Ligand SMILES: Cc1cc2nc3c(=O)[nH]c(=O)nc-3n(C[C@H](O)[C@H](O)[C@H](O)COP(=O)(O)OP(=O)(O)OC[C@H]3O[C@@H](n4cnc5c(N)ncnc54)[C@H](O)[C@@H]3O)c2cc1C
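Below sits a lone chain in structure tokens, taken as the form predicted on its own.
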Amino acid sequence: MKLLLVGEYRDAGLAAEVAGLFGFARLLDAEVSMVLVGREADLPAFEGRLWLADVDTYGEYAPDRHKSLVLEAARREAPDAVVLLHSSYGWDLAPRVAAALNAALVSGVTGLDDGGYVVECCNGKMRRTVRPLTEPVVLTLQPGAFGQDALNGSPEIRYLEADGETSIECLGFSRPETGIDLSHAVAIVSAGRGIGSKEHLGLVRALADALGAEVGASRPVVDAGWLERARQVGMSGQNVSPGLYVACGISGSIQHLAGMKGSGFVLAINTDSQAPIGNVADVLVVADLVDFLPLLTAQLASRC
């Protein structure tokens, strides 16, 4: 299979989530090329062709120009699929590219299943498998859904230019005022409804502090107002792929599991030995977290 990845240049640098595109390509054992509007001083390391356009000329995002650049790279590469991140950049650009190629568009892919692409639906309560009937296909991938592959190699750089003037100006990107971005966290301790009450969040925060981790949450905790929505992990929140994920009192709904399945090592703490979270956890501790968390935090503190 041949993939054309569309890199994303954001805030004067390559978006870290681009590594997930290569994780997807690895699962398919695909031949890879990439198109990027960026700078030669800040490029992904991989083996393959990189079609590069100068960000100073084309801007971090100018929809019609970026579409033209992707289409030109696609014309030269003839890929089976054009793959973007499911981000504000990908949401806008992917439909433009798909329409121009007369191609199927599958948005928000979280996995692969028997030759099809898995997409969450019904607010994460269900999932469907989509098998496009024609090629090429345009895909957007949920950030964090396919891990963050360590990149290496030196791409063969070729240069692109787009003709014509742009009719749309991108004024920039802004982040939520909270500034919470769990997608880059190396460790996350998440609280679920099983912590019992808002007062027990102190136990979760203490463990997170001992681990140097961020605090996350399941949807019921956010809906209850115990933590802000920016900390929600799952299909209706953030997709994460930390090296360590600690699930405290989280049963493991489909939407939550989809949001944290890219995690390296998963420790789950739950009173229910049959909770679905146990199916993905590397270690499941069956215990009352009110008793267990202080003990674990104390052990970690004694080793520092």
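C-alpha atoms forming the largest set that superposes within 1.5 Å between two forms make up the rigid core. Don't overthink the numbering: it's just position in the shown sequence, from 1. Since this is a predicted model, take the numbers as computed values, not measurements.
Not pictured, yet referred to below: the form predicted in complex with this ligand.
> Should the three residues Leu3, Ser33 and Arg96 be counted as contacting this ligand in the predicted bound form, with contact defined as a heavy atom within 4.5 Å for each?
Replying inline: Judged in the predicted bound form, none of Leu3, Ser33 and Arg96 sits within 4.5 Å of this ligand.
> Heavy atoms within 4.5 Å of this ligand in the predicted bound form: does Gly237 have any?
Replying inline: Answer yes; at least one heavy atom of Gly237 falls within 4.5 Å of this ligand in the predicted bound form.
>> Would you classify Arg127 as touching this ligand in the predicted bound form, given a 4.5 Å non-hydrogen atom cut-off?
In response: No, Arg127 is distant from the partner.
> Does Asp272 make contact with this ligand in the predicted bound form, using a 4.5 Å heavy atom cut-off?
Replying inline: Yes, Asp272 sits close enough to this ligand in the predicted bound form that at least one of its heavy atoms falls within 4.5 Å.
> Though only this chain appears here, would Pro220 touch this ligand in the predicted bound form if you measure heavy atom gaps against 4.5 Å?
Replying inline: Within the cut-off, so yes.
>> Quick check for you: of 41 to 49, 57 to 65, 263 to 271, 23 to 31, which stretch puts a non-hydrogen atom within 4.5 Å of this ligand in the predicted bound form?
In response: Of the stretches listed, the one contacting the partner is 263 to 271.
>> Please identify the residue among Val283, Ala287, Ala16, Leu295 with any heavy atom within 4.5 Å of this ligand in the predicted bound form.
In response: After the contact test, the surviving option is Ala287.
> Out of 79 to 115, which residues reach within 4.5 Å of this ligand in the predicted bound form, heavy atoms considered?
Replying inline: The stretch 79 to 115, when checked against this ligand in the predicted bound form, contributes only Trp91 at the 4.5 Å heavy-atom cut-off.
> Quick one: core overlaid, is Gly196 moving 2 Å or more at the Cα between this form and the one not shown?
Replying inline: Yes, its C-alpha moves 2 Å or more.
> Does the C-alpha of Asp11 move 2 Å or more between this form and the one not shown once the rigid core is lined up?
Replying inline: It does not reach a 2 Å shift.
>> Given a superposition on the rigid core, I'd like a yes or no on whether Gly38 shifts its C-alpha by 2 Å or more between this form and the one not shown.
In response: The answer is no, as the C-alpha of Gly38 shifts between this form and the one not shown by less than 2 Å after core alignment.
>> Closer or farther: how do the Cα atoms of Phe22 and Met260 compare in the predicted bound form versus the shown form, where the change is at least 3 Å?
In response: Farther, not closer.
> Do Arg229 and Val109 have their C-alpha atoms closer or farther apart in the predicted bound form than here, with the shift being 3 angstroms or more?
Replying inline: Arg229 and Val109 sit farther apart in the predicted bound form.
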